[in-house]
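The chain below stands alone, shown as structure tokens; this is the form predicted alone.
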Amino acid sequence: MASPTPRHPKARSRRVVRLTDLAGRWGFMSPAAVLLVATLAYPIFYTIRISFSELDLSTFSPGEWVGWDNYIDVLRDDRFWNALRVTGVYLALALPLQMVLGFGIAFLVNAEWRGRGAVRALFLIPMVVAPIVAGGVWRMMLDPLWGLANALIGLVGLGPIDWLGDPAWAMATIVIVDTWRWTPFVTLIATAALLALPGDVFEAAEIDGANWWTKFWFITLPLLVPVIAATFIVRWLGAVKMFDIALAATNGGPGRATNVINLFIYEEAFRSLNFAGAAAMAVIVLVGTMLLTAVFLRGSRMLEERH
């Protein structure tokens, strides 16, 4: 009877190397994983548990199990759907504007001209200003009686605008303030991406006689597609959580014109003490955000494969 063929030493060595590499990776990841579970997993599961129960305010713990009742009440609440609609309008206006401005400004500050270093530094200021402070300052600037914005447009003969009292202008105000704050973030990422583009490709295009528009449309833009998609997803995740600017600038008003979903959840939980209903809303928003993010990631992957 023939004896079994021993494994090749090189194959055994490669397997040991792979296992060692895998163990090393998990070893480096484990502290972050433990921290993530401690800070995120417990609050998420606690919120889910509350959403299926009646919260006992005396002990602040889940009480009687009510099943899907909280979710049914939320889905029947017109205010919840209005908050989702307001959030959708805000996202549809703010995200494209921030992406276009961010990448456009990145092209400008990357061009060779005197003083661009100072301009780059100034663009970082909105990112380091606290959102509540930014909202309060903009609220003073847009005051219909003595605000700076109306004083400036009055110099060209335009009448005063009720930036915070008119529903249409109130949403525009939220978009302007949020764009002022987050466009530098997009510009920062776009600038780094532009600096990382391969210079030899552009030199070859210039030798072939390509002009600026040809290089931009056929070289720069295709190379930036993965970065643009990734930046959009990052900004999308941040924009969905928008709360502080709306709270400081308009407090959801006038009426409910700027009452974005996170502000509405906050009001239901901490002003109306409807913690169970607010938890159900938070879970619905979380699931919806995860699904849309998965769609965006899939689209981003398809764009990367195409380019």
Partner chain sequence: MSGASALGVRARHRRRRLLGHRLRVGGGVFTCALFLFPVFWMVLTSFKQPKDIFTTPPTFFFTPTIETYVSYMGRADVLHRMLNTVIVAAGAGAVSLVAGAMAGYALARVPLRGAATIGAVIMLSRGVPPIALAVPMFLVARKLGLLDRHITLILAYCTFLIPYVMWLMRGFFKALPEELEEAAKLDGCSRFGAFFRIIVPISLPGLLSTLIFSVILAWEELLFALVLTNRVATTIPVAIAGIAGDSVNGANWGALTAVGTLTVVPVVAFALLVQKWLIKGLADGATKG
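Numbering follows the first chain given and starts at 1. Heads up, when I say rigid core I mean the largest set of C-alphas that superpose within 1.5 Å between the two forms. These numbers come from a predicted model, not from an experiment.
Keep in mind the form predicted in complex with the partner chain is missing from the figure; the text below concerns it.
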- [ ] Scan V89, A205, L188, V175 and let me know which has any heavy atom within 4.5 Å of the partner chain in the model of the complex.
- [x] L188
Open item on the list: When the contact criterion is heavy atoms within 4.5 Å, does W180 count as touching the partner chain in the model of the complex?
Closed with: yes
- [ ] Spell out, yes or no, whether the shortest heavy atom distance between A269 and the partner chain in the model of the complex is within 4.5 Å.
- [x] yes
Open item on the list: Test of understanding: in the model of the complex, would F243 fall inside 4.5 Å of the partner chain by heavy atoms?
Closed with: yes
- [ ] Answer for F107 alone: is it within 4.5 Å of the partner chain in the model of the complex, judged on heavy atom distances?
- [x] yes
Open item on the list: For the stretch 274-301, I need every residue with any heavy atom inside 4.5 Å of the partner chain in the model of the complex, listed N to C.
Closed with: F275, A282, V285, L286, T289, M290, T293, A294, L297, R301
Open item on the list: Aligning on the core only, does the CA of N251 end up 2 angstroms or more away between this form and the one not shown?
Closed with: no
Task: R116 C-alpha shift between this form and the one not shown of 2 Å or more, rigid core reference - done: yes
Open item on the list: At a 2 Å cut-off on C-alpha positions, does W65 qualify as shifted between this form and the one not shown after fitting the rigid core?
Closed with: no
